[in-house]
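Single chain ahead, by itself, as structure tokens, in the form predicted alone.
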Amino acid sequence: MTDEAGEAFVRLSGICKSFGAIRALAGVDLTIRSGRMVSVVGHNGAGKSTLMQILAGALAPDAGEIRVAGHAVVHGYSVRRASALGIRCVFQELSLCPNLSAAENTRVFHPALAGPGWRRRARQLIGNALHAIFPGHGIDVHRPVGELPIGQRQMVETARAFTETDHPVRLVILDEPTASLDATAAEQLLRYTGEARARDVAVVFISHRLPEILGHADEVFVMRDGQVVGSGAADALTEAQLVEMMGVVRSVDLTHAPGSRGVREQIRVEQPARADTPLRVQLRAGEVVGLAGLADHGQRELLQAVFDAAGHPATTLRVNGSVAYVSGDRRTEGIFPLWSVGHNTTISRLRALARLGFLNPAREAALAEDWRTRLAIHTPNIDRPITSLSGGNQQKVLVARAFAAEADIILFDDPLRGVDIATKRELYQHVHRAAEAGCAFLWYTTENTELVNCDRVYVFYRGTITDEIAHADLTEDRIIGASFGAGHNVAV
């Protein structure tokens, strides 16, 4: 049932939403047609996720109209009503119940899965969806999802959104769905969205990865400060045009690029040499070393081993210096949800901020405010709850916490997940400046494009390092080849 005559499946008109003094949306119009992918882009805090929560029925607008299949639905609109109309949402902050398995989470999502044999039917439903979207996913649907890596949790929630029982799927909202996925899984999902659109399913795709948007979306809407400031057909736009519409982007200081700074001889992290390992993990002061490869192939385990080894010389890894850790799984490993933005930022520096055992509130506030300004964290003040921030801004706070710690070594576990392109460029500058001052970085990322910031890159496959690539020799083909086992097979 393609919408050819002009009536869209979803039409949002004049949508407004405020949270106290914060105006999140200021009269947004958005049209979504069946069988089309609409992408919504903008900096963190632009209003994208708030708009999607309203469309999914999780929030009520203060003003405006929502029409679905030609009918106004504002009054009494809810998540249950949206689901009955065929609207599903994969939120940036995943909504799975961590103590339940993938199959049990599917039962929660589908009340129709009731009566004898519901477990078998739920396992089959989510299993088929996972196999269709992410072939070779390797997920145990019987295991509690809280025990799964964040990438696999993302796959489960995404697959669940495409499952059907009593109501057909008409529209799926994907809010940063590839942020936790490696390149292979991200490409599998984007390929599947094409198959879904061929069945007349509409897709709303939110991402900070502009090449994904321009390569797969039909239409693009650009948001800034709670408003749509531009739109157009994806095939008629360029990355430069999208960046310009989103707002002024600070340029990267190329004087701090890899190769232009002097790496110190002081070794910060080292794996003792072994006869069966021609290469070994090594990180020097002032060096940025990347960790690449498919997700969950040993990169996080190395980061956690380095963190655990700090201050413990009798381990298989030698770590010389203090360590700060930035998790990409901010919800379960990063933020203190009951604390303010300021306290989440300064927790790493409390000892340095104290005198004679007493904390100096003025110095603590000044430090938090300094990093709020440096990283352009979108919040009216540092006293607001961190959970009031967008996901990308919460991630900025975690990065600010690590920089504020003034550690010798910073461990990055996919730290820029869900962060906008302007902030990424600014953070790259902070990394290069800190490295110039002698800080060492061990940086795992699911975005191969970020590896250009590294002096060297280790590529992982099934818990081993298959290649060590110098910055000058870094290519996409070499990374991909090593990600599937082609290389030196170095045990870690």
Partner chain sequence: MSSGIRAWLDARPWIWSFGAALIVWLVTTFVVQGRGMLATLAVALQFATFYVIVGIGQMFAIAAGPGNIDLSIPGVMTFAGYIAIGLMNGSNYGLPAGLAAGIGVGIVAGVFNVLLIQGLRIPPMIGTLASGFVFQSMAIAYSSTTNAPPAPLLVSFSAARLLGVPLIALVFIIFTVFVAVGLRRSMFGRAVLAVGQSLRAARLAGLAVRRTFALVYLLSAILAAIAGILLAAYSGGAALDMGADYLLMSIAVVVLGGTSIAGGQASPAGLWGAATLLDLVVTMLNVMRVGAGVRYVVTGLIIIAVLALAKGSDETA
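Positions refer to the first chain, counted from 1. All of these numbers come straight from a predicted model, not from anything done at the bench.
Beyond the structure shown, there is the form predicted in complex with the partner chain, which is absent from this document and is the topic of what follows.
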For the chain seen here without its partner, which of 300-308, 102-110, 76-84, 198-206 has a heavy atom within 4.5 Å of the partner chain in the model of the complex?
-> 300-308
With the partner chain left out of view, choose which of 231, 348, 193, 271 has a non-hydrogen atom within 4.5 angstroms of it in the model of the complex.
-> 348
In this chain shown alone, the residue from 376, 141, 335, 317 with a heavy atom within 4.5 Å of the partner chain in the model of the complex is 335
Please run the contact check for residue 325 against the partner chain in the model of the complex: heavy atoms, 4.5 angstroms, yes or no?
-> yes
Please check if residue 364 has a heavy atom lying within 4.5 Å of any heavy atom of the partner chain in the model of the complex.
-> yes
Any of the heavy atoms of residue 121 lying within 4.5 Å of the partner chain in the model of the complex?
-> no
Hey, in the model of the complex, is residue 284 touching the partner chain, heavy atoms inside 4.5 Å?
-> no
Listed by sequence position, which residues of 355-372 have a non-hydrogen atom within 4.5 angstroms of the partner chain in the model of the complex?
-> 357, 358, 359, 361, 364
